[in-house]
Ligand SMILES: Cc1ncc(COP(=O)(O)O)c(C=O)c1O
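Shown below, as structure tokens, is a lone chain in the form predicted alone; questions about how it binds or moves come after it.
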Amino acid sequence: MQRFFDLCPEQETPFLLMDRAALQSRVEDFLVHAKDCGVFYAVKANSDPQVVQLVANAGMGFEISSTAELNLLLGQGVDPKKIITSNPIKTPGFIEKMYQHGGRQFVFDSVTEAEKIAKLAPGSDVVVRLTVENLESSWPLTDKFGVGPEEAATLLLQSRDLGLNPAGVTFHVGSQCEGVLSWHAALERAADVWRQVAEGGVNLKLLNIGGGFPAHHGVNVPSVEAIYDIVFKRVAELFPADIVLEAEPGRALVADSGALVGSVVGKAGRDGENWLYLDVGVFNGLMESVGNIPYIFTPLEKNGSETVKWVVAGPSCDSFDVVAKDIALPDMAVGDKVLITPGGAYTTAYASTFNGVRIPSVVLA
């Protein structure tokens, strides 16, 4: 934490302070423990060009879902061969541009999407999105995408009839997965699809284990090394030896390397509660708080050791803009700065200018 204090520049809040050394270390940690598993940073977690360039310089690949993200990477000089997409529902224009730049691997979970890919990216490899349990995740991702094992196998076999190459399976255990049982269950479910497709005469080659690697949102979480060890052990038990593995870390790669720096803009006593208003809130950086993702609030100024419980809110006039309750902080004055961690993931990426609030600038120091 002291390093963040030392790095904190004198500039207008709110801003996102990214610790270059910490980010570099985290990227290297993922690459070292991944062994032969391809690692593709999920750009949606933090698409700041400075972050993208650091990740690219380390040799890591990227996972994207849109033409805008593709243009960002191409503009940074990223080799198109290091870019994959795992969004099961893609715009036609995005498919066409990925194909134009050599993309030959696409995820799908419906006949309609397979037909779209067959038309716009003929002959491509297709990977089916499988639904898996998200019980250990703070931000579940089970409702919008994915199909069960039987339907997944059927879709892969049908894709062959459309001139596509059924290549593999992908899943996502949910963002901020704080346990390890979900990985066990997901791999067993994927192996079930593998067997069913093999019975249909197709040998799959690719398993993408998605994201879900957790950051330290005030709780103890399994390490990158521990998750990879579990995955590699189960993969060796359940799948052929020549399987190709991919992973898509997002949050865990950047979250703990960043801190939002905000300022107190107001205080109030309301119905027996102490309210603390910051210049960063739900709409301009802390949107994940609506899904009960917890943050740690640390005052940069020393205002005594006694603390009281605060309701922490953002600057907009919308009553939805409440970040957290029962946060213990010392008495603070308007203008005092607050460090909000972990802030490197899904903060500036989600931020809007609703109500004229300022999107945090990004400092990589």
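Numbers follow the displayed sequence, beginning with 1. Owing to the predicted nature of the structure, the values given are computational and were not obtained by experimental measurement.
Below, we turn to the form predicted together with this ligand, even though it does not appear here.
Engineer: Determine which one of 147 to 155, 167 to 175, 94 to 102, 272 to 280 lies within 4.5 Å of this ligand in the predicted bound form, judging by heavy atom distances; exactly one does.
Structural biologist: Checking each option against the 4.5 Å cut-off leaves 167 to 175.
Engineer: Evaluate residue 211 for contact with this ligand in the predicted bound form, applying a 4.5 angstroms cut-off between non-hydrogen atoms, and reply yes or no.
Structural biologist: Contact with this ligand, yes.
Engineer: Does any part of residue 26 reach within 4.5 Å of this ligand in the predicted bound form? Heavy atoms only, please.
Structural biologist: Looking in the predicted bound form, residue contacts with this ligand do not include residue 26, since no heavy atom lies within 4.5 Å.
Engineer: Taking 4.5 angstroms as the cut-off for heavy atoms, does residue 312 touch this ligand in the predicted bound form?
Structural biologist: Although this ligand is absent here, residue 312 would stay clear of it in the predicted bound form, with no heavy atoms inside 4.5 Å.
Engineer: Though only this chain appears here, would residue 86 touch this ligand in the predicted bound form if you measure heavy atom gaps against 4.5 Å?
Structural biologist: Judged by the heavy-atom cut-off of 4.5 Å, residue 86 is in contact with this ligand in the predicted bound form.
Engineer: Taking this ligand in the predicted bound form, which residues along 228 to 250 bring a heavy atom to within 4.5 Å of it?
Structural biologist: 248, 249, 250, in sequence order.
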